[in-house]
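Form predicted alone, single chain, as structure tokens, below.
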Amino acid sequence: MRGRANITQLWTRVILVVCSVVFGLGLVWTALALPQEATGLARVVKPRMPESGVTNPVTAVLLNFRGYDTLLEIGVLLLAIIAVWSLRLAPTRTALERFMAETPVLAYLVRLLVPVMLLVAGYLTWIGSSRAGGAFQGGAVVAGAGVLLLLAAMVPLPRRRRLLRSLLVMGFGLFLAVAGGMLLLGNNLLEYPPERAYILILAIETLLTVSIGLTLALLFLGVIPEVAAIQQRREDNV
């Protein structure tokens, strides 16, 4: 039995090594095949900026001209949280987390930082239409605020599954609904009408900020919140 197990492990390692080498060679070939002079999208994007509804070329590309890329990225985040929750990890509270939750300095610091972080997140989302910023930057700041609240044990873990999951999918849902609506109107995928492009992009980015921030914070938590809440109540009653 041990001999068979050793042979199986050997073949598994050989297969992994071969796959890694093939993948590495593919990356090298791709890098060598790239053109020496990058063409970029600046020449194509600049003449069409008035149609995008925003003045920041990065936001115009991510939310308008190449919006399907961003749509797929949000879908990947949803798949990530689904994959983590499907593992059914057991919630635990380590000694470090207990210490941090009982430290008054952390609590005061979090009370000071979280409102400022939420204001910064809102500003980054709003300013993304004209300057550097957007939903991913704002969502990352919201996630940071959520992580601080979780570490300081200052926010109760959500118990309503529908509300929690609705917040997670509302950004992706609106993005998908707008894409489908454009197709029904006879336009291409995510081809916004120029007169409504700004409002649609701002609405999508606002909901995406909330969804991205909540998704990243829950990925930090690592377990289904309702399961963690039950375990936390049990530990508190002991």
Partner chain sequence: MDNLGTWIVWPILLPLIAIIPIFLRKRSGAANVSLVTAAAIVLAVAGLARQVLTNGEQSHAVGGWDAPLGIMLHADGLSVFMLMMTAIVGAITSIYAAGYRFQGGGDSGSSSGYFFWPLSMFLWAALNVLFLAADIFNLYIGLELLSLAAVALVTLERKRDATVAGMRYLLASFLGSLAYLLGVALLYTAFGTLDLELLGARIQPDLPTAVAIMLITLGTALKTALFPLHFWLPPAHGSAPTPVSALLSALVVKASFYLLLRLWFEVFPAALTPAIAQMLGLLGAIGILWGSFLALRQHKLKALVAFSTVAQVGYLFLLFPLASTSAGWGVDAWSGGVYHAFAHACAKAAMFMAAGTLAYAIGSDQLDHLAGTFQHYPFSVTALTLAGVSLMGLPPSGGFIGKWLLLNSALASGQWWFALVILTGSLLATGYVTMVLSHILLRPPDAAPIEPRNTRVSFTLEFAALLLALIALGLGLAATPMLALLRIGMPFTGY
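We call the rigid core the largest set of C-alpha positions that still match within 1.5 Å between the two forms. Residue numbers count along the first chain shown, from 1. Quick caveat: nothing in here was measured; it's all calculated off a predicted structure.
From this point on, the text means the form predicted in complex with its partner chain, which you will not see here.
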Exercise for the section: Find the only residue in Val147, Ala107, Ala80, Val155 having a heavy atom within 4.5 Å of its partner chain in the model of the complex. Expected result: Ala80
Practice task
State yes or no: in the model of the complex, is some non-hydrogen atom of Arg48 no more than 4.5 angstroms from a non-hydrogen atom of its partner chain?
Solution key: yes
Exercise for the section: Look up in the model of the complex whether Thr55 has a non-hydrogen atom within 4.5 angstroms of its partner chain, and give yes or no. Expected result: no
Handout entry: its partner chain contact in the model of the complex: Ile199, any heavy atom under 4.5 Å
Key = no
Handout entry: Residue contact check: Ile204 to its partner chain in the model of the complex, 4.5 Å heavy atom
Key = no
Exercise for the section: Pull the contact list for 185 to 207: residues with a heavy atom within 4.5 Å of its partner chain in the model of the complex, in sequence order. Expected result: Leu185, Gly186, Asn187, Asn188, Leu189, Leu190, Glu191
Handout entry: Pro50 C-alpha shift between the shown form and the other one of 2 Å or more, rigid core reference
Key = no
Problem - C-alpha of Gly26 off by 2 Å or more between the shown form and the other one on rigid core - result: yes
